[in-house]
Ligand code: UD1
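Encoded as structure tokens, the following chain is the form predicted alone, with no partner shown.
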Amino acid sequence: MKEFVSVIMAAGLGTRMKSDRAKVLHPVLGKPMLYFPLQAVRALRPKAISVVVGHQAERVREAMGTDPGLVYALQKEQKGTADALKAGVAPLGKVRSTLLVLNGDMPLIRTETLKALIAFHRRQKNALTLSSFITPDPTGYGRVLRDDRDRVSGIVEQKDATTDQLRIPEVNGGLYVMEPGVLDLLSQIRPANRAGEYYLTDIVGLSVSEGLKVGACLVEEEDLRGVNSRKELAEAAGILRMRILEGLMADGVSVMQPGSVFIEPEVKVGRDTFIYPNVVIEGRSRIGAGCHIFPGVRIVNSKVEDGAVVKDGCVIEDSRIGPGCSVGPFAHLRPGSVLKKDVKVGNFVELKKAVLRDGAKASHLSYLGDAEIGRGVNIGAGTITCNYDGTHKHQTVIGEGVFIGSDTQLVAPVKVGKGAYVGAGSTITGDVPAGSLALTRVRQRNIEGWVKKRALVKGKK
């Protein structure tokens, strides 16, 4: 695509959101609303992008970050969209290429739509192109006016429209592509209301008056939907969510009940993976091929490799599950946990900064924190690595082939050598040499006849 620059207007207060948070920072599928139009533009590789900020400007900058092609422009006062565009082009210097203008509250806009709009503009050799769409209910939108030769002649806002104009089904979509000369007309726009706001829509009529070629490109209404309320925010999120799921299904992923599955935009899922109902996958998670993610699972910024199974009710955070592993049901992998190949982590097992090497098993009811667990280790039910002394965390290291009996406490720092056994019910406070059996149980004592004697004593009372 030929060189162009872009201005994204994101300075609005968003009063209808009824929030202390800037409108463009409201989350949509885990991302600030502004993320979506910004990413849509970035994918076209413009020469520069200027984001106009105002309300909570610093928070917007912090949320969206910086890069060499991104600049921020401050609109000090809310004086309307034309004033916002003035502010936006200022840090770009003398604009000498095509300019794409869009709003930061349009999370449904797609790269393909922007690309088609710019292509239409250049193919028609327009000085100014606006997006438009046809709707059976144009209430609230500015109507696109055309002359008797079907050429765009202006935009009229609903409050200023005549009865005949209110019947026009073609409305302004809020995207603009313009050549540098059109920007000179910004200075001719006059305040449109008592608040002294300058409306960018007025540039259409001014361009026509100056004899510049103006066109309107029809765009899908869904792409142009803005967000001005919590209801519209939820609707936009629902549309985006279904777009993501439809894309995954088209690539060979089975989503068993799409209406209940929540997957964020940066998640990747391999083919022939099955995702069951009520699954949530967030952040930059990566799910491999041939996996099964069962109901009620939440996965955050984690990697699940090919053929792994995550059973019902698990929470996986900032962790890695290797190929062929089985996790759950109802397991919790906290940040820093790593399962190598063919590891089994069963029900009600919690891991934190634990590495389980190939073939290790912790089948049920255990806590393994700050632990290094070798190949083929078997962890019995109820095992705990006591990793915290009240001040510092300490590590437990368990060698290859070790068997840890049920209800064992491993008081870190401690090491259990290769091939060792630890008897059930033991509290291990010192290192266990390789090939040893460690026991700390009190010897069993049976008192014969105790039950009968106890009954006699109670009877006398």
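Because the structure is a prediction, the values reported are computed rather than measured. The numbering used is simple: start at 1 and walk along the sequence shown. What we label the rigid core is the largest C-alpha set whose atoms superpose within 1.5 Å from one form to the other.
The following text describes the form predicted together with this ligand, which does not appear among the structures shown.
Contact with this ligand in the predicted bound form, judged by any heavy atom within 4.5 Å, is made by just one of Lys268, Lys79, Arg151, Lys353: Lys79.
Distance criterion of 4.5 Å from any heavy atom to this ligand in the predicted bound form singles out Gln75 from the list Thr98, Ser366, Ser285, Gln75. Not one of Ile263, Gly328 and Arg334 is positioned with any heavy atom within 4.5 Å of this ligand in the predicted bound form. Taking the partner from the other structure, this ligand in the predicted bound form has a heavy atom within 4.5 Å of a heavy atom of Tyr176. For Gly226, a non-hydrogen atom is located within 4.5 Å of this ligand in the predicted bound form, even though that partner is not displayed. The shortest heavy atom separation between Ile373 and this ligand in the predicted bound form exceeds 4.5 Å. Taking the partner from the other structure, this ligand in the predicted bound form has a heavy atom within 4.5 Å of a heavy atom of Glu157. Stretch-level contact analysis of 387-395, 285-293, 118-126, 134-142 against this ligand in the predicted bound form, using heavy atoms and a 4.5 Å limit, identifies 134-142. Of the residues in 91-108, those that come within 4.5 Å of this ligand in the predicted bound form through at least one heavy atom are, in sequence order, Asn103, Gly104, Asp105. After superposition on the rigid core, displacement of the C-alpha of Met256 between this form and the one not shown stays below 2 Å. Fitting the two forms on the rigid core leaves the C-alpha of Tyr176 displaced by under 2 angstroms between this form and the one not shown. Taking the rigid core as fixed, one finds a CA shift for Pro138 of 2 Å or more between this form and the one not shown.
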